[in-house]
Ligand code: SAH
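A single chain, nothing else alongside it, follows as structure tokens in the form predicted alone.
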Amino acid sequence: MQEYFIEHPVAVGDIIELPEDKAHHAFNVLRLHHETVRLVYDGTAYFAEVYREGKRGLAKILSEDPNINELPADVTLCMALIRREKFELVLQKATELGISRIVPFVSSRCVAKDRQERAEKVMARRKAIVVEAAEQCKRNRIPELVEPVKLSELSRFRSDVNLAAYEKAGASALRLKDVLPASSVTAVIGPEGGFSEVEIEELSQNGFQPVTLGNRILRAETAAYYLCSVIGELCQ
């Protein structure tokens, strides 16, 4: 069943006109005709029948969907900017895994850098990826996607539990199971080259506990998938 996020409140029995982009997708791409879709407004989902009336795409609200497909914990992923294709895949998978907020950031070993002249276009593309992923996995909310920040600004996004994945944390370092579950979690993942010792010290001073993800050295994007998956499981 297709899902679309809508921007205006609705009630059972309403007939609404679908926005042009969603109508195009429903009728020209998916070829839907008097079929049921899931519409979501502000966390509440509804089942609706979509159909054409002339050139307009309409949806009749049939009933409310009681299912809330969100994690019970509020999870923020602070992800260093990595190469474009891999970063976009992290956005997609983190959204599918239930993350509430995604905070891109720049650190000293980031290979990828957002160019100022392209920032607006890049942000629009990233938001579209997040929305599409949220619709695909039937979420009730679109994760917040923050404009890229500096590593020193990550303290603005702290939660009840704050973690920084560090490949040199050592065998005696904290593991995820030592600090979870929690009602809110912020997890920080470094770039392809990892964090410098100075950066880990700065994160520690700002309340982020270094954690190990095991004995193997993971790629940045793999570490993100692993963290999101395990946090989601331990915080259920």
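In this text, residue numbers run from 1 along the sequence as written. Fair warning: this is a prediction, and the values are worked out from it, not measured in the lab.
Beyond what is shown, the protein has a form predicted together with this ligand; the following relates to that form.
For this ligand in the predicted bound form, the listed stretch (176-184, 33-41, 55-63, 193-201) containing residues with heavy atoms inside 4.5 Å is 193-201.
Contact check for Ser100, Val103 and Phe157: none of the three has a heavy atom within 4.5 Å of this ligand in the predicted bound form.
Using a 4.5 angstroms threshold between heavy atoms, Glu49 stays clear of this ligand in the predicted bound form. Of the heavy atoms in Ala45, none are within 4.5 Å of this ligand in the predicted bound form. Contact check for Ala23: no non-hydrogen atom falls within 4.5 Å of this ligand in the predicted bound form. Though the partner is left out of this view, Ala134 does not reach within 4.5 Å of this ligand in the predicted bound form, counting heavy atoms only. Residue Ala165 is the only one of Val161, Leu91, Ala73, Ala165 with a heavy atom lying within 4.5 Å of this ligand in the predicted bound form.
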